[in-house]
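Two separate entries follow, structure 1 and structure 2, each one form of the same protein chain as structure tokens.
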Structure 1
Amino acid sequence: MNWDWEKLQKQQQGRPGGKPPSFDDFQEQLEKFKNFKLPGWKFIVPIIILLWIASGFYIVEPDEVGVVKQFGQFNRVTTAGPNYHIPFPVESVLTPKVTQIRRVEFGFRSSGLARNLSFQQGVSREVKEESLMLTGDENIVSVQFIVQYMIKDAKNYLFNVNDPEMTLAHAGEAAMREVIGYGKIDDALTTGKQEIQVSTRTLMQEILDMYDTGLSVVAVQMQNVHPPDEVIDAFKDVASAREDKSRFINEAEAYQRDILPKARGEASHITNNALAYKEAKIRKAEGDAARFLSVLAEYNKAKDITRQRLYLETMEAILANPEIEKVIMSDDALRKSVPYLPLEKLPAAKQQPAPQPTQ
């Protein structure tokens, strides 16, 4: 500062003399002080005042609202764009981000650090004391979920609760445990998730509204719901047992689908064979009958001679067979001879006795 420097100069000038500054010196300095001071004021004061006035300008970003306090008391809410407030110490402004959707993790930490850092894919660590919950049927289930929320009322958010984020975390945990406590473990693990999410969201919002936190719960999303590590194998075995069940059924159906067509094929084979037999038999009979009738027609024309011819031809064919022994014997000789048949000598080659020829 100008006058300070001058004063210092003066003091330094006076010092080599060795005598302390007298009242005259002080008077003199005062005069100088006034002389140097006054032109400074003419510039500095307006500049300071201008700067002070200018410090009242502030910009509210599109995702923010401005909350203006006058002497600490809530005065007004301003919207996005440039705004002005009476500078310190009369008014001050806070600009919370009201459109931003924030996120809290329950039962796990994706970042491994604080619970409301932004989401990172992959790494996540279960926090068992938060995730393990008792269900209404006295089972324990591990529920990991996130809550998305935003500020719906900036004034309430800023002034009503001493730590809205922590309040939200507490409310989230209490609400989820209450909802899980009403239900059964299977609801949480399988089909009931949607309902649990909705109920938890509703209950959380009720709690937060009761405290006037100014927060709005956008969504509750269950991330990873599983049985506790101690029993997870048994639960997985149930799933594979269910698979086994359908596998057994499928195998049986495959067996069914294998043997029935085969049986139908076989059945068709059997009936077709029989049909073939039937048709063949009929045709054979018809053929035989036709042949017989043809021959009969000719026979009827010349009965005796045909009869004679057929007889002789047959006898000839039989007797022409060189393998047949022929003995011609008169009736007398036959009558006189001992009726003896050397049966054991008859068949030389054959083991079986030949049928006794008769006529």
Structure 2
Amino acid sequence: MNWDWEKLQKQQQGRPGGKPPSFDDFQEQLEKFKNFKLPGWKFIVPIIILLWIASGFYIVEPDEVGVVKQFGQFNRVTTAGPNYHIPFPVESVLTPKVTQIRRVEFGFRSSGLARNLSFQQGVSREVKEESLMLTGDENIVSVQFIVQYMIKDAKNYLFNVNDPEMTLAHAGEAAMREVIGYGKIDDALTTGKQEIQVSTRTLMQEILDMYDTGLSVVAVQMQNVHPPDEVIDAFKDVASAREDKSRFINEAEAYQRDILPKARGEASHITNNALAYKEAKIRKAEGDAARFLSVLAEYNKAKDITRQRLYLETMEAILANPEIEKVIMSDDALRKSVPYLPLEKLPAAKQQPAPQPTQ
């Protein structure tokens, strides 16, 4: 549309007194506007239609699924790869990531105000209204934990629950409070953490399945479990006493495992020595008896010869013994010698106490 503004200005300037344009001038311009034609409109309209049709093509990534909505309602689910849907406003598509592991924090926030942001080491703050819980033995404990989850059903995740993450947060807190409420504080602080995590994950999954949230709980991990700050010193004393008790028990068991085998080994050694001594004495006695009987039989056959042989064998044994001092004398010298009795080598006789004089 061509507006002849210069001509209009000249006409306005040519009017006396600078009068505004008349009705005829507006009617003339309106006629020009009605007769205006867009050049190439026959080509522009088909191009717009083709672009509208082409806007229905979309690509679903390998870690996503396509959820097609028709007039705002669920219609179908598409898989990874190129797909097509009727362009807006008839159909639209959502592509949630179904393989991504997400996390929700309970009892603390690692960064910022959002509970599902990425974890940052050393940047966290405690949320006591979530962390403080009552145990079954009527103690208060602060439990900080995280829940890892993923989308297992995109349709339920998008259409069944208004806020799936908030529902999961409420389910996680309720499940942990129930499990902690049935247990003791010692279980939460020491050896019962693994069982608590498994029980909480199972209960959370049951709650989420009951509401058809389309979420799957991958893991529940307890991060920091401790008593309230007001009584933490007393709990530390109790924990130290338990550690001392465990240490004493371990030391006693170690001493037991060390001393008992030694005692059993020594007893077995003594028993074996006694059995060996018994067996040696029996064998020796039996041998001596057999030898005596054999010598007796030979003695009965020839008493003089046997007596002489025994004498010679005995003398041979005595003379062959190097520990015995020997003095060899002839019979004549033996008759002339004076017997000598070494009295200084005899044991001294015990002196009897002198009798007390009678009054």
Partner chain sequence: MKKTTILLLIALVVGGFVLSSAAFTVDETQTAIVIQLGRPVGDEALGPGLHFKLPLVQNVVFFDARILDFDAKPEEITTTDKKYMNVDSYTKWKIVNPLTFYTKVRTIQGARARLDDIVRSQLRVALGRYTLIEVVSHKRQEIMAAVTKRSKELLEPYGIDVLDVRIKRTDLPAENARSIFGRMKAERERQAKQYRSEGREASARIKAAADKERTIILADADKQAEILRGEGDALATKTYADALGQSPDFYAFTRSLEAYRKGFDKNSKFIITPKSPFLKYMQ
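Since this is a predicted model, take the numbers as computed values, not measurements. Whichever C-alpha set is largest while still superposing within 1.5 Å between the two forms counts as the rigid core. When a residue number appears, read it as a position in the sequence of structure 1, where counting begins at 1.
One chain, two forms displayed separately, with the form predicted in complex with the partner chain being the first of them, structure 1. Superposition on the rigid core between the two structures places the CA atom of Asp209 less than 2 Å from its counterpart.
Relative to the superposed core, Tyr299 shifts its CA atom by 2 Å or more between the two structures. Superposition on the rigid core between the two structures places the CA atom of Gly287 2 Å or more away from its counterpart. The two forms, fitted on their core, place the C-alpha of Ile270 23.3 Å apart, compared between the two structures.
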